[in-house]
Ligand code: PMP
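Take a look at this one chain, the form predicted alone, written out in structure tokens.
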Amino acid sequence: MNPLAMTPPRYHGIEHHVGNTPLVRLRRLSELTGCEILGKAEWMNPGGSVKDRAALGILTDASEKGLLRPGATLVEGTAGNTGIGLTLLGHAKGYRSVIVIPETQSPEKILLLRTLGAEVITVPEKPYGDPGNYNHIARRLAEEKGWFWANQFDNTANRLAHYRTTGPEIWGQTRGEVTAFVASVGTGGTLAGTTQFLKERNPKIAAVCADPLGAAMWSWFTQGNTDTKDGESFAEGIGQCRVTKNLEGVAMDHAFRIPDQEALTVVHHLLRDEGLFLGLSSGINIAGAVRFARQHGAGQTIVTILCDSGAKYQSKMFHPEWLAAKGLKTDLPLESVLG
């Protein structure tokens, strides 16, 4: 008798398929640096981004604590990707989603959220210290209407999701040979949870923050303050200016400041030369991995996060007129990111 015939197949909904994304070798940058530069292909998650991990972790934690029941409404302030993950996984679990998003985010994200069935509230871009900031609006809506506020920035179920999934996956996929992990900061959950797991396995693994211009994490990790104001970035979903609860107690071995042009050069070369269609936050992460490789020499196995695809940024990062208006170029040689 065929033993396979005795075991009934097991099938699952989309929540079972968050994570376990492959590691992709970035061929040209690996060749140029003499390192293995590997990207976690997070666009392969059901909602198309790394934020699906945080969304699932937050929803699972809230359900286990009795904070969410089928039919409930959840609300979140987001630059888009967490909202997409919450909306899709919310459908799968029987929740309704209300998403508060800055109007400066790409129109593709806002349209996608509405297409997926979220109630979308667009608001002016305001700093965190302003009561009109999108996170504060989401919190107030939750308080006023009795909704569940996901609170991705300060809900440490976010960090725990990466400790339980992203870190172990990278450790297993590299067979413990990873020497550095590089990530930018949106909420801080990816960087904090993943590095915590990897450091527990091998304290010599370097924890590296790649920070866009205008954000404060480079300043925090290198100078112990969030005071540095040094420009701006067009990257969406990253660029934190405060120490969130997901980042509390987290230390980095290295932090790099990455300009948009450097990241954009990486993104466009990867599309043309390797068929990888990525957003600018992925470019910042990869540029950070290249900086680490330059400083520490050949032979490293460096892992970073390919946050999402470029599909949600076609009207910006891949639109010639938009790029020209911002003074960004797509024809610089890849070697230019090596310094």
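Model, not experiment: these values are computed from the prediction. Residue numbers here begin at 1 and follow the sequence given.
Keep in mind that the form predicted together with this ligand is missing from the display, and what follows is about it.
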Problem - Among the candidates I84, I238, A150, M217, the residue which, in the predicted bound form, approaches this ligand to within 4.5 Å (heavy atoms) - result: I238
Handout entry: Touches this ligand in the predicted bound form: F292 (any heavy atom, 4.5 Å)
Key = no
Exercise for the section: Flag D308 as yes or no: does it have a non-hydrogen atom within 4.5 angstroms of any non-hydrogen atom of this ligand in the predicted bound form? Expected result: yes
Practice task
Indicate whether this ligand has at least one heavy atom within 4.5 Å of a heavy atom of V185 in the predicted bound form.
Solution key: yes
Practice task
Decide whether K51 counts as a contact residue for this ligand in the predicted bound form under a heavy atom distance cut-off of 4.5 Å.
Solution key: yes
Problem - Candidate stretches 90 to 98, 120 to 128, 195 to 203, 177 to 185 - the one whose heavy atoms come within 4.5 Å of this ligand in the predicted bound form - result: 177 to 185
